[in-house]
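The chain below stands alone and is given in structure tokens; this is the form predicted on its own.
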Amino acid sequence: MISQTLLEARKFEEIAEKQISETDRPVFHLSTRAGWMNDPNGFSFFEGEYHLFYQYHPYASHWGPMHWGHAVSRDLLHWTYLPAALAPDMPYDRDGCFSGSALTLPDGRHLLMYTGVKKEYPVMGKEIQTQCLAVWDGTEYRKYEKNPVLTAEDLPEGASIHDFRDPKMFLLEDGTYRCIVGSRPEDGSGQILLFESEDAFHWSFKKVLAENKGRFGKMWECPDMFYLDGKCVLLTSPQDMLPKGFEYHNGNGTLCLIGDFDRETETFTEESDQAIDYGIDFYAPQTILTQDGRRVMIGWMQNWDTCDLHMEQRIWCGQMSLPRELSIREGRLYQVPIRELDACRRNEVSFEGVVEGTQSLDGFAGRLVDLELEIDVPDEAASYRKFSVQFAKNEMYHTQLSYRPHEETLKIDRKFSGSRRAVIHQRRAKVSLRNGKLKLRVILDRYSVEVFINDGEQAMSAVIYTDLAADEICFVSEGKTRIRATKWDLEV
């Protein structure tokens, strides 16, 4: 039987989604069906479609008891909502079905693993977090009768049951299964635990896979691990980070560890670290290996330090990033928009020349835009001190990207985007010229901007809830800047 809690959520989301007009949503970024969305969950391919679940509170545009929302796509750009998949309706998950993953079993069933949460009473604020399963039976995701499958008894000494979440499952070549889970050890920082299983239903602790030891924030959330271009990549989202130059920002951020993995001993050896996204709004990414062999990542395009931005303006909150193709080059994680977006380009407009002062260009406008910019190194003929591109602009609003060549810093700034909240509005990244040029690809989708720098060497993301009437794009140069710019409308 379907629980009353899940039935009520489904009935509510059907009604609530009708209050959100088509123009009030992004066009090709998945947004919540109703209410609130955060972390992507269960990113997987099943029965001919890509499935993306997400942390979901359908009843309000703020965080609440977590459900799993559900959407499917054949191309990762066009999404169809399905009914909510999970609701907090069992004693072990009565206070939330938290983040997790999915895979297809050899018998063809779709298996979800998620974190079940129940609060301890009378100790307010303390949560018991366990790992639980749900299986697709052809009509519904049925919670496993032996849940939870990982509890306090399965944790290594010193690991907290209050911070034990976000399982990511893998099927190995030998037919066995592994799962990594975020954990908090005795020192209060983060670690990633590795569990093993013969059948994906009965799990046991294997080892501590990676340890923070106070280097990158505290608790490590939403881990993911995969092979890419001959390296092993471990992604996680640390809480309470401290800045490390321009590489990390204060607060809740993202971390990519690149290294090697010894299959015999199942040991991960770190070689380098970097942020995943250098902008304002990106957290908790998950990846998938597509049917044609690409490693594609999608993240929550928000974070816990900025999610109050929408409160006065929206009856919904939450959207996912553009799916990004990943690669390793020169020891770094590179990200570019999925190639399917290229086929959506229309109405090409180009400009090549020198910009000085504030300049608008014919044909450069819109809020569904793919913009490529190439900015030359300063020289005697075009020696600029700062170059900016402004978008989502009118006489009142704009968001801006600006580059200072002598500082080698790129800044995103949305303080004039229409926000009435004093949340984070600026981020800077250290960006060097490549072959004497700076290359930017700027993707606009109504209420967001994603910037891909130097062919994907870095990325910066931000949500912008600016009125859609603000659709101008202009260029601003202190001194003279030589640029090449090509803009397309996006028709998805």
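For clarity, every value in this text was computed on a predicted model and none was experimentally measured. All residue numbers are counted from 1 along the displayed sequence.
From this point on, the text means the form predicted together with a small molecule, which you will not see here.
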Establish, in the predicted complex, whether Q319, E450 and S461 all lie within 4.5 Å of the small molecule, using non-hydrogen atoms for the distance. no
Is T399 a contact residue for the small molecule in the predicted complex, using a 4.5 Å heavy atom cut-off? no
Could you tell me if W63 has a non-hydrogen atom within 4.5 Å of the small molecule in the predicted complex? yes
Can any non-hydrogen atom of M169 be found within 4.5 angstroms of the small molecule in the predicted complex? no
Look up in the predicted complex whether D305 has a non-hydrogen atom within 4.5 angstroms of the small molecule, and give yes or no. no
Among 271-279, 219-227, 143-151, 418-426, mark the stretch whose residues have heavy atoms within 4.5 Å of the small molecule in the predicted complex. 219-227
Quick one: of F387, W203, F391, Y283, which gets a non-hydrogen atom within 4.5 angstroms of the small molecule in the predicted complex? Y283
H249, R367, R414, R165 - the one with a heavy atom within 4.5 Å of the small molecule in the predicted complex: R165
